[in-house]
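Below you'll find only one chain, the form predicted alone, shown as structure tokens.
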């Protein structure tokens, strides 16, 4: 894997000044809203910024933020992966079962098991979309139910509790380094690594090129089939890893583990500036989106607001983000259409 500037870049390369400024302004706006909600809630209830509350908030956001990494990779290709919540649930339960069978299993091996299991499940999506030419929405909606059905069959009404898990794994889930939870640090490492990969390396830029214009990507020598397959495998692997962290975070897992996470993850990514039209978005923005939704949810709980308000706010933010995407796309189109006329005038 090498760095390269020859790969077609995402839509921002067609109008670098305009779209880059718009995306940065959007991320700055999200940070401003995040600060407003945080400080406003803390002004009403100072305990909101207490050490325990902040720790719980970061742990709750960590799983969503990790899943956002895989979701962003797929979304920038102009696809979607709805099966991630079922992958999380199956990975969590099978990892717990593995610990019950082998109590002395090292934590790194458990993490690798989750990655391998998720990659295998993600390859099913990749085969359907990349080689079977099944629309990603249809394919992953189908595997969402298939994987969940497999989970119910494997669980068979059972449940894994913290008492069934080794102390070393539980301490990994509850431990911290310099006050920062282990799970949060691991998620930050993954996000930083993938952020650099998507932003600076040839393989990462190819996902954006594919989402911006698949035909142009083919002309540029990019294997659309291989890249699509790889994207879904990565998304599955990250969801499998998230399943292990889910088990470490909560300790108790049954057949419903992870249900509904896919919608929260997609909402966080889109709110953070990842376009559902493909080719646009950053992990930084997606991470901010995940944190914003997490802070809003915690703020509503702190303020004792009815639970349905959280879903309503998420929906409103999602609609607002999609509207912004449409405005950005239209403005960029007008900018590109006007470019030849400006060039003729300057000659």
Partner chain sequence: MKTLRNLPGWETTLALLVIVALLGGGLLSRDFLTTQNLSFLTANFSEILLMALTMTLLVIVAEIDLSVASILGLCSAVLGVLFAAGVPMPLAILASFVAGGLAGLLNGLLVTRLGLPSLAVTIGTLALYRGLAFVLLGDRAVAEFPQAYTNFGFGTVPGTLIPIPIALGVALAILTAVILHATPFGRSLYAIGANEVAARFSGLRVERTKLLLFVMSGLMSALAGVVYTFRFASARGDNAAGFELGVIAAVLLGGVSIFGGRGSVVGAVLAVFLIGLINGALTIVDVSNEILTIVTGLLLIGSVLVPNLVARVQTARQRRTSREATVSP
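Note that the structure is a prediction, hence the values are computed from the model and not measured. Numbering follows the first chain given and starts at 1.
Keep in mind that the form predicted in complex with the partner chain is missing from the display, and what follows is about it.
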item	value
Contact test in the predicted complex: residue 132 vs the partner chain, heavy atoms, 4.5 Å	yes
Partner contact for residue 292 in the predicted complex: the partner chain, 4.5 angstroms, heavy atom	no
Residue 149, heavy atom within 4.5 angstroms of the partner chain in the predicted complex	yes
Residue 35, heavy atom within 4.5 angstroms of the partner chain in the predicted complex	no
Option from 87-95, 166-174, 215-223, 133-141 whose residues, in the predicted complex, bring a heavy atom within 4.5 Å of the partner chain	133-141
Among the candidates 318, 58, 296, 284, the residue which, in the predicted complex, approaches the partner chain to within 4.5 Å (heavy atoms)	318
Contact assignment for the partner chain in the predicted complex, among 266, 245, 110, 210, heavy atom within 4.5 Å	266
